[in-house]
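Just the one chain here, laid out as structure tokens, in the form predicted on its own.
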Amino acid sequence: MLEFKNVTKQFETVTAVKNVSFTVNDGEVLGIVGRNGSGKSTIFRMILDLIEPTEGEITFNHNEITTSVLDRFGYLPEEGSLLNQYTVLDICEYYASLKLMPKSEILKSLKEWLAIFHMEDLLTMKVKKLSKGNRQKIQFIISVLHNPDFIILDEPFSGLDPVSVEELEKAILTLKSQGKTIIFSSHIMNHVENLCDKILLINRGEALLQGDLQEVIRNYKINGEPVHSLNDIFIDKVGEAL
């Protein structure tokens, strides 16, 4: 369980996150929705202990997030960082070793994940030869290869074709069924509606709306009329489409 308690992050004269709180339990998926610059990346960076909150507290399973705790985290960044000169196997072995995964387990787990995405033939291919979509899937595999307890996925569907999107959605739901705690951001509301138990709508660092996703959609009214999608709610709260 991840708890984000009354967290504020101030950068000199800019308040990037303003007194935000949320909880994500084991086996739950939280979708964080907001425009670029709304504070999503700052939230992720604070959870990963890359920057410290100005105020508030962030804990995982009621413990401070230390280096040993971070070894049980998985992170898919919005911008990929794969090195072109290495093979898929090389790069996955490198990142998994940073998470203290035994080398004897890496190849087995990697082959299982490649099979899920029908990418078995890419094991020894160099990263520079991968398509954009396949690079994104390899980035995802790296983030989950070590079987983390908590996973952050920042725009995980970027660059994927419809078939790959369906495969990735199934993979995320499988991880959820295994009790993983998952947070992800997306600009595509359908992905949020398909996968998330909870929603956090953030704008200019402030939480405008949060809670159980289905309850939010069911109870939200615009001019007394029910809404039909999360996109309608976003436009009403922020004033424009995502």
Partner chain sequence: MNNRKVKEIIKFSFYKDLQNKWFIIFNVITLVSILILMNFTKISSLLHFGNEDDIFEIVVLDNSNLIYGNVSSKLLENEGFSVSRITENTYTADNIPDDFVIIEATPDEEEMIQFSVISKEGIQGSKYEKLLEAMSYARNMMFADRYGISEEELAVFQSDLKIDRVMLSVDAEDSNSKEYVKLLSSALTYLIATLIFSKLSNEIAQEKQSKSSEYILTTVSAKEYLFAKIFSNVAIVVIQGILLMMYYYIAMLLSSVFTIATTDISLSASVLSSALSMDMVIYILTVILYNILNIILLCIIQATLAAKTASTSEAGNTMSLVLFIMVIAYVVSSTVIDPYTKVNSLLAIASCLPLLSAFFIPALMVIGQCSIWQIALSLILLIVSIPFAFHFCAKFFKNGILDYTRLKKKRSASEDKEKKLEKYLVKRKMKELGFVVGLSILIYVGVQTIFSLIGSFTLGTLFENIYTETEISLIMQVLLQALSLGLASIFVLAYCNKHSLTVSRRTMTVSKSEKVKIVLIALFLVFALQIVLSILLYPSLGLDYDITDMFEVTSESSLLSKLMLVFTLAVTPALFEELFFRKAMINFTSQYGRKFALVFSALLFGIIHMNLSQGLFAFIMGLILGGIYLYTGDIKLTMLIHFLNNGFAALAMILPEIWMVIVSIILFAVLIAGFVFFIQAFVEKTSRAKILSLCKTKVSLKSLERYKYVFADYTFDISAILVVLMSILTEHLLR
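Residue numbers count along the first chain shown, from 1. Here the structure is a predicted model, which means the values were calculated and not measured.
Quick note: we don't show the form predicted together with the partner chain, though the next part is all about it.
*Asks:* Would you classify Ile142 as touching the partner chain in the model of the complex, given a 4.5 Å non-hydrogen atom cut-off?
*Replies:* Yes - in the model of the complex, heavy atoms of Ile142 and the partner chain come within 4.5 Å of each other.
*Asks:* Give a yes/no on whether Pro162 approaches the partner chain to within 4.5 Å in the model of the complex, heavy atoms considered.
*Replies:* The answer is no: Pro162 has no heavy atom within 4.5 Å of the partner chain.
*Asks:* Though only this chain appears here, would Asn223 touch the partner chain in the model of the complex if you measure heavy atom gaps against 4.5 Å?
*Replies:* Outside the cut-off, so no.
*Asks:* Answer for Ser81 alone: is it within 4.5 Å of the partner chain in the model of the complex, judged on heavy atom distances?
*Replies:* Yes, contact at 4.5 Å.
*Asks:* Just to be sure I understand the contacts: of Glu55, Asp49, Asp26, Asp197, which is the one whose heavy atoms reach within 4.5 angstroms of the partner chain in the model of the complex?
*Replies:* It is Asp49 that has a heavy atom within 4.5 Å of the partner.
*Asks:* Partner absent here, but in the model of the complex, which of 56-64, 175-183, 212-220, 35-43 has residues with a heavy atom within 4.5 Å of the partner chain?
*Replies:* Of the options, only 35-43 has residues within 4.5 Å of the partner.
*Asks:* Could you tell me if all three of Val14, Gln85 and Ser97 have a heavy atom no more than 4.5 Å from the partner chain in the model of the complex?
*Replies:* Yes.
*Asks:* So which bits of 99-131 sit within 4.5 Å of the partner chain in the model of the complex, heavy atoms only?
*Replies:* Residues within 4.5 Å: Lys99, Leu100, Met101, Pro102, Lys103.
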